[in-house]
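First comes one chain, alone, set out as structure tokens in the form predicted alone.
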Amino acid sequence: MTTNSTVATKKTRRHVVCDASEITPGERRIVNVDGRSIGVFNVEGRFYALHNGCPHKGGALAEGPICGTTLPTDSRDFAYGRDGHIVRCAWHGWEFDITNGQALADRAFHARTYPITVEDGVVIIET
């Protein structure tokens, strides 16, 4: 299934994005929903939707690399983790947690997220 369809409900609109099998773990798809660019990410088999606009300067957030990040330590050792859970803005490199939209460097910044579900193997975003 590759066509987008929309169903109106009381307060939200549900948008069929694609079959879940079309976005494998570690991958993303950028979709246009009612004029909004939204990145749909598969992180370890769970789906998340982020607005494709970085809250820092409006860059193409969802188009940046899916990666991990440096982790805090009590030593001088370099620790890297959370691989596949972070998206780095394509413009300025700001990192955001894909699962909740939170900026890692500045907690005041949060990327817009959208409710997303998988029903009968189909990915659905609510706006």
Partner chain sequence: MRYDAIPPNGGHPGSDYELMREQLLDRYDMEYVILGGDEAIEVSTLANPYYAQALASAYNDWMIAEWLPRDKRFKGSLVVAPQNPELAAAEIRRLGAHPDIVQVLVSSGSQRPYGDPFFHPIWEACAEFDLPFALHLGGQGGLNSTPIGCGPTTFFWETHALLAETGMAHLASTIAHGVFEKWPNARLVMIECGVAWVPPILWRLDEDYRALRKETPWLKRLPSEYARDHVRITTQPLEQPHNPSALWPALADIGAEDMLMFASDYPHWDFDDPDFLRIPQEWRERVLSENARALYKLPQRQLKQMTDGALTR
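Residue numbers count along the first chain shown, from 1. Fair warning: this is a prediction, and the values are worked out from it, not measured in the lab.
Absent from the display: the form predicted together with its partner chain. The rest refers to it.
A heavy atom within 4.5 Å of its partner chain in the model of the complex is found for exactly one of Asp77, Glu44, Asp83, Asp34: Asp77. Only one segment in the set 93-101, 26-34, 58-66, 44-52 has residues whose heavy atoms sit within 4.5 Å of its partner chain in the model of the complex; it is 93-101.
Among residues of the shown chain, Glu119 is not one whose heavy atoms approach its partner chain to within 4.5 Å in the model of the complex. If you take 103-123 and check each residue for a heavy atom within 4.5 Å of its partner chain in the model of the complex, you get Leu104, Ala105, Asp106, Arg107, Phe109, in sequence order.
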